[in-house]
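Here you get one chain, nothing else, as structure tokens; it is the form predicted on its own.
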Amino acid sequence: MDWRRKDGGWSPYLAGALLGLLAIASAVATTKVLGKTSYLGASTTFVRAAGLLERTVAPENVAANEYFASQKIKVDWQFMLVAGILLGALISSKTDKSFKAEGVPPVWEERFGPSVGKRAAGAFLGGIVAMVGARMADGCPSGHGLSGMMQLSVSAFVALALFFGVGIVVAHIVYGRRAS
């Protein structure tokens, strides 16, 4: 069976199965190494990265921050997982020849025009909204979706349904209905 799509990309079924195996492996490995189970997620890593950067310019702020005192700013296995996701995506897009650097994606340009500044502002503000939401929910969509559903958590099913539902509504508002 060929696991590659006609466009050269990965089959979502293969990628999903591999991600499921990674989630199981991370739960088993962290339980054996750390003595407690640590699940897949990314939002805490980005907060820790911000703490690492802030510590270089204002260490007193980081030391006084209640969140950083409880979460400990460190480069751990989840930090390396996020770095691996970036590196893996780069390698994957290079090997299937889909990589291209673009300041403004075609879908954005079609709806909002070719302004790189407008695109950067939209991405930055969207990132802030996503991170605030992830912190309010005590985890990101990948954490709730992968790890929570792996545990059959009712709150994870609800959270994931809301993530997708709101995402669909916002996509329709922002991009409008596109003809196929």
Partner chain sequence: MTVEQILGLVTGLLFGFLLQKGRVLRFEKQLGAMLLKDMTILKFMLSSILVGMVGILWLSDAGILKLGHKPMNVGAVVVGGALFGAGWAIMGFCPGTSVGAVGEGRWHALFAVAGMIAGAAVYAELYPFFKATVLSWKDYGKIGLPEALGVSPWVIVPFFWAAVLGLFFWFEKRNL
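All of these numbers come straight from a predicted model, not from anything done at the bench. Positions refer to the first chain, counted from 1.
There is also a form predicted in complex with the partner chain; it is not shown, and the following applies to it.
Although the partner is absent here, T31 lies within 4.5 Å of the partner chain in the predicted complex, judged by heavy atoms.
The partner chain in the predicted complex comes within 4.5 Å of a heavy atom belonging to G127. Using a 4.5 angstroms threshold between heavy atoms, R135 counts as touching the partner chain in the predicted complex.
Proximity of L53 to the partner chain in the predicted complex: non-hydrogen atoms within 4.5 Å are present. Along 43 to 78, residues S43, F46, V47, A49, A50, L53, E54, N61, N65, E66, Y67, F68, V75, D76, W77 each place a heavy atom within 4.5 Å of the partner chain in the predicted complex.
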